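A single chain, nothing else alongside it, follows as structure tokens in the form predicted alone.
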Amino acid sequence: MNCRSEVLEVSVEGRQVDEAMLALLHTILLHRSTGKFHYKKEGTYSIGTVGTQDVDCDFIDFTFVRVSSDELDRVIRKAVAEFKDALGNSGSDGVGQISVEFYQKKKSRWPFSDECIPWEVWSIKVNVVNLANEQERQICREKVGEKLGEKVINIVEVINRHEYLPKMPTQSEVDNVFDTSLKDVQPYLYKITFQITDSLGTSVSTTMRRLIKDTLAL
């Protein structure tokens, strides 16, 4: 199986890291989740509804949509908080990457553990910029909002392509494809990881600084 890999790049101010990552990760999980499966008998099931809600950002001119699941939100927020803390404690230039990997399990014979086979990975490269004053912060607030809007459209376009998805499982195999631990939503099996590095490049941050400088010159 070929694993699809998508890379997004964003440049943000330190206080915007949480909201930018939440906006992108929630957008991805929104489109990679279903309602809970209710099996009547093997091979016959109904799917519950997935509620959504709007979230207004405090430090970015942006509103994103997330699955209306407090459990899923807590999981994503915990991962983003750990990523932000690692960024702040790294001593590097505030450069890192957070990824969400979707996978399915393949049962293995005892005594081997199940094999996890990834089928889609989204990586978000993040560069934290330092701004000089409140005027620059206000411009960054607007520009980051515009960039996030573009990223969300990109995510939706990619997900709407007719690409590989694990086939709908039977009741006995549902845990090999979906995370059934949440009571109100059923995302495809996934894991969120991150890394802090100073080797992701400066093209994105340079573009953001240029945007701010050009706006100030108007």
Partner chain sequence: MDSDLSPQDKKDLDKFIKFFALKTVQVIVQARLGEKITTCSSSSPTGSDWFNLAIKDIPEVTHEAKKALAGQLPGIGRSMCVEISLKTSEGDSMELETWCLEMNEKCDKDIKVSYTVYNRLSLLLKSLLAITRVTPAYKLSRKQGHDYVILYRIYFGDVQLTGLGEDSSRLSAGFQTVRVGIVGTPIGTITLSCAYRINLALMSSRQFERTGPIMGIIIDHFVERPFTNMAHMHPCSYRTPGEDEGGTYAGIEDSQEVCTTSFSTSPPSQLYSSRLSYQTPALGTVDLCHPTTCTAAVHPHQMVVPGKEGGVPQVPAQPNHGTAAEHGRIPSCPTGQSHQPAPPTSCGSEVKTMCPSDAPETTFTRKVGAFVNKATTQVTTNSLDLPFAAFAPRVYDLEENDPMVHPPPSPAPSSPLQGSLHSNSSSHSGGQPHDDFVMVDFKPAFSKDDLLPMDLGTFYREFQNPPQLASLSIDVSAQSMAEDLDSLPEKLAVYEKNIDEFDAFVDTLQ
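Residue numbers count along the first chain shown, from 1. Here the structure is a predicted model, which means the values were calculated and not measured.
The protein also exists as the form predicted in complex with its partner chain; that form is not presented, and the subsequent description refers to it.
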Contact with its partner chain in the predicted bound form for Asn160, defined as at least one heavy atom pair within 4.5 Å: yes or no?
yes
Classify Asp179 as contacting or not contacting its partner chain in the predicted bound form by the rule of any non-hydrogen atom within 4.5 angstroms, answering yes or no.
no
Taking its partner chain as it sits in the predicted bound form, is His38 near enough to touch it, meaning that at least one heavy atom pair lies within 4.5 angstroms?
yes
Taking its partner chain as it sits in the predicted bound form, is Thr193 in contact with it (heavy atom to heavy atom, 4.5 Å or less)?
no
Taking its partner chain in the predicted bound form, which residues of 51-70 have any heavy atom within 4.5 Å of it?
Gly51, Thr52, Gln53, Asp54, Asp56, Asp61, Phe62, Thr63, Val65, Val67, Ser68
